[in-house]
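Starting off, we have a lone chain in the form predicted on its own, written out as structure tokens.
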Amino acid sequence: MNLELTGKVALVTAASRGLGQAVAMQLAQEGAAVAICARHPADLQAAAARIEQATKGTILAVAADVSLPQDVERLVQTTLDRWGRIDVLVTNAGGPPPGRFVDLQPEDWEAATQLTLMSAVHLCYAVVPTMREQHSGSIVAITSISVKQPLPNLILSNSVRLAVVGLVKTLSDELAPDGIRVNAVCPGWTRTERVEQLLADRAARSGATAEEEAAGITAAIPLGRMAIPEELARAVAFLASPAASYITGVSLLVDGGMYRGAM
């Protein structure tokens, strides 16, 4: 299928590794010019070089912390200065730390809100005016299976990511007259550095090994394994593309069938 992304401009945040890097790689392979950001310049430049080498695409790397509104504004403006338009925004940020309610403090909730919810809010405020002028655009938020099925010891993610889904669903309605689609993709267990951290946390709590924890998780997944980042990236690229022109307001699970609910 031709996703019709050649010549489009995409902005993908937190893209120096993991899901963000996989999404940026996929969009570049589909022909989009891609701006990426991350907090650490060395990691970011290394990721940009990997993507350019693998795809022969055009990558703009901008060091930025999406939890800081001023960094978001600079990131978006730098992208517009380079290409004059933004057709695709993929909001992504490192997940909040694991922990149970009693392990956390109010300041942990505030930090999680800034990182997970407000980063998406500020990115949308920065990008939507340009998309409105274009009368076209696609926003995809990377959330988690936890918006459908809360996960143990992840109360911050379970709570704050639901607010992102509320943002996505409401914006999909408000921005549809402007030709802007807004969707979310909800990964299940995908083998990234973030998941390695979560496995280590589970192992420390249970006394098992990280691999034993991973085996217990995969036993509950109908497809019998965790995903690789590229599988999530292909779903994001589709939803972001003109090939999905009549899809908006959805939260697409990419979880190997782990979520058993009907809705």
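None of the values given here were measured: they were computed from a predicted structure. The numbering used is simple: start at 1 and walk along the sequence shown.
The form predicted together with a small molecule is left out here; the points below concern that form.
In the model of the complex, the small molecule lies within 4.5 Å of some heavy atom of Leu19.
Under a 4.5 angstroms non-hydrogen atom cutoff, the small molecule in the model of the complex lacks Asp173 among its neighbouring residues.
Contact annotation: Gly188 falls within 4.5 Å of the small molecule in the model of the complex, judged by heavy atom distances.
In the model of the complex, no heavy atom of Val164 sits within 4.5 Å of the small molecule. Within 4.5 Å of the small molecule in the model of the complex, a heavy atom is found for every one of Ala64, Ser67 and Gly95. Considering the small molecule in the model of the complex, the lone stretch of 234-242, 194-202, 26-34, 213-221 in range is 194-202 [heavy atom distance within 4.5 Å].
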